[in-house]
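One chain comes next, on its own, written out as structure tokens in the form predicted on its own.
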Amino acid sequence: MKILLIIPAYNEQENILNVCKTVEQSKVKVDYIVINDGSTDNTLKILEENNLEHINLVHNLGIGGAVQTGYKYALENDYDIAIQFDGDGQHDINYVETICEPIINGQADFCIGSRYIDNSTSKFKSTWIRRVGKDIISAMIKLFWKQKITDPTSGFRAANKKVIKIFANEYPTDYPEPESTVTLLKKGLKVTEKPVNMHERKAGKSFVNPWTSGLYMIKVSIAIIVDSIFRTNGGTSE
């Protein structure tokens, strides 16, 4: 199977080289493409000087636009599985096979790497305010879509060809993980989770803070409610 890691990167000069080298040196045989999302630091220079596979976006599109660019690349190059993989070093390459397994076995169209299925796989969870937001979003998905997603904000996710095509054509722009998961549930696709390990960011600064976390929760909650209101029989709006 052809497997691609989509690595969005915005101002990740302190992390991106190590992330790419970790992927290249891993026993897991996958391709990768870094989507440089209009970085204003030395991220692009590092990618070019080290001959790392990348697409350079001249303007910052945000996480949604960067990831969708990766899905478009995966579709155009006929990949069987595309995996979102953060450029900040939080995701563990050793769990790529874990989240691909349900897709390879035909048990799911989409698999989310979760920190919360059990308490032993990943010691790093998140900040308390993000966990509160995560729990609220998870509860809303459970209420409206009758499926428990323990880590709806996880950016470590594997998609099959069907999902690659969907996401290449439509993908939320601001805070895409929960909204895109709801899109798949709405279309009647099979979504599952697997426990994975995640690391705390080693360098650089996340754009997420208590204020943006609050806005994130409100926006995603509204999006889930709107999607649920307009859902039709059979789990699809088409």
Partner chain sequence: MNLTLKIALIIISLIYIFLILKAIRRKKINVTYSIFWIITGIALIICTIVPNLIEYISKKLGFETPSNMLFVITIFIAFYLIFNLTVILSRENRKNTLLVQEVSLLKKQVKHLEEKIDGAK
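Predicted model, so just to flag it, every value in this text is computed and none were measured. Residue numbers count along the first chain shown, from 1.
The form predicted together with the partner chain exists for this protein as well; it is not shown, and the discussion that follows is about that form.
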item	value
Contact segment among 52-60, 22-30, 189-197, 176-184, judged by heavy atoms lying within 4.5 Å of the partner chain in the predicted complex	52-60
4.5 Å heavy atom contact, residue 161 and the partner chain in the predicted complex	no
4.5 angstroms heavy atom contact with the partner chain in the predicted complex for residue 72	yes
Touches the partner chain in the predicted complex: residue 76 (any heavy atom, 4.5 Å)	yes
The partner chain contact in the predicted complex: residue 43, any heavy atom under 4.5 Å	no
